[in-house]
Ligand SMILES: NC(=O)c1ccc[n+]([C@@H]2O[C@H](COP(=O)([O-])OP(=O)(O)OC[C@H]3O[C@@H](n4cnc5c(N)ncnc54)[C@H](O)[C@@H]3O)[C@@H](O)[C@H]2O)c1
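Next up: a single chain in structure tokens, the form predicted on its own.
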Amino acid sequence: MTTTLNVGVIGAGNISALHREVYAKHPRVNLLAVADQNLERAQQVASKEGIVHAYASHTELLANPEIDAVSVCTWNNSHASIAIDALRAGKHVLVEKPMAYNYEQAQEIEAAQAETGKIVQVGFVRRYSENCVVLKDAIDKGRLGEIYYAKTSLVRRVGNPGGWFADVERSGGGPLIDVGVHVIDLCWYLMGRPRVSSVSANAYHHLGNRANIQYADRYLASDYDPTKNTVEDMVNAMIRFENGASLLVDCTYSLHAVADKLEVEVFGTKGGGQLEPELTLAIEQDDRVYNLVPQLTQRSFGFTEGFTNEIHLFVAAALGEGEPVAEAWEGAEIMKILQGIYDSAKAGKEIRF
């Protein structure tokens, strides 16, 4: 059993920076390499952050025998091919969400993981925030009873980032596969990770990227182009599971709503839980319903906390000292749900599995 982990990060964009920051501070990690298809950007990152190696491709990075594990932080359409190459090169893999471009690719990662025996952890970072950890613990201890229903809503009034996020060939989709994946996974994880049985969904393409709208909180991708948008504005769906539970979801980059919104709620036979916007439990006791507010450092999701916990658990698993929280099969099941939503919306009918 090794005591330190040599890591490479593939991709040098915004998400990569969050991974690199945590790896650099981890006492048992040597951050040895960064790769990006833009070699100059990789070299600038390596020089600034004291990383030994900068590569122009993931294949060059994976050929380095010193590297034990990698984070895959690239465009969605390359997640699967890079993850599979990494596994077959003998590396453990932390792959950003979504795990793949489609369900078929996700299954290929599952197969490669089974073939190689290496760790695969999917970047469902919101699972690792304190609010989710506390709610999951309450559910696991039976405080809410059997979870049979969940609903989530993620609304951006003017929030299409453009660039590769708005290019379906690179992203695989819009708000559903970018941010909807997070809240769907949160609900599914809290519900006990049941297998999906059917999906009925709608997708809308009415508003586009709304480049004309001035909006103070709007994030734009580095490759933003106001003339290009090939992804949906919004999606809504009813998802049913084999155990009889159901999940209602809507997510959007662009909607004429009065405010941005993030809501995640689960409901059980003994109580319910609101995870976002702030953790609150509704518990039935003594013929009354009580709202319980746990005392936390932060009652909503925190990026720094989430990425730190996620990567620390990945490092522990790669060192043989724990198990990944979001395994390959889980990433594949979420991709099955996402693809089912897109397929149902396109066909205009329910999709059964």
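Predicted model, so just to flag it, every value in this text is computed and none were measured. Each residue number is its position in the shown sequence, starting from 1.
Absent from the display: the form predicted together with this ligand. The rest refers to it.
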Indicate whether this ligand has at least one heavy atom within 4.5 Å of a heavy atom of V22 in the model of the complex. no
Close approach of D178 to this ligand in the model of the complex, 4.5 Å, heavy atom: yes
Close approach of H92 to this ligand in the model of the complex, 4.5 Å, heavy atom: no
Contact test in the model of the complex: P98 vs this ligand, heavy atoms, 4.5 Å: yes
Indicate whether the candidate residues W188, N236 and G340 are all in contact with this ligand in the model of the complex, with contact defined as any heavy atom within 4.5 Å. no
The chain here is shown without this ligand. Which stretch in 287-295, 63-71, 314-322, 34-42 comes within 4.5 angstroms of it in the model of the complex, by heavy atom distance? 34-42
Go through F267, Y103, W75, Y128 and name the one with a heavy atom inside 4.5 Å of this ligand in the model of the complex. W75
Go through I82, I119, V249, A203 and name the one with a heavy atom inside 4.5 Å of this ligand in the model of the complex. I82
Could you run down 300-322 and flag each residue that has a heavy atom within 4.5 Å of this ligand in the model of the complex? F303, F307
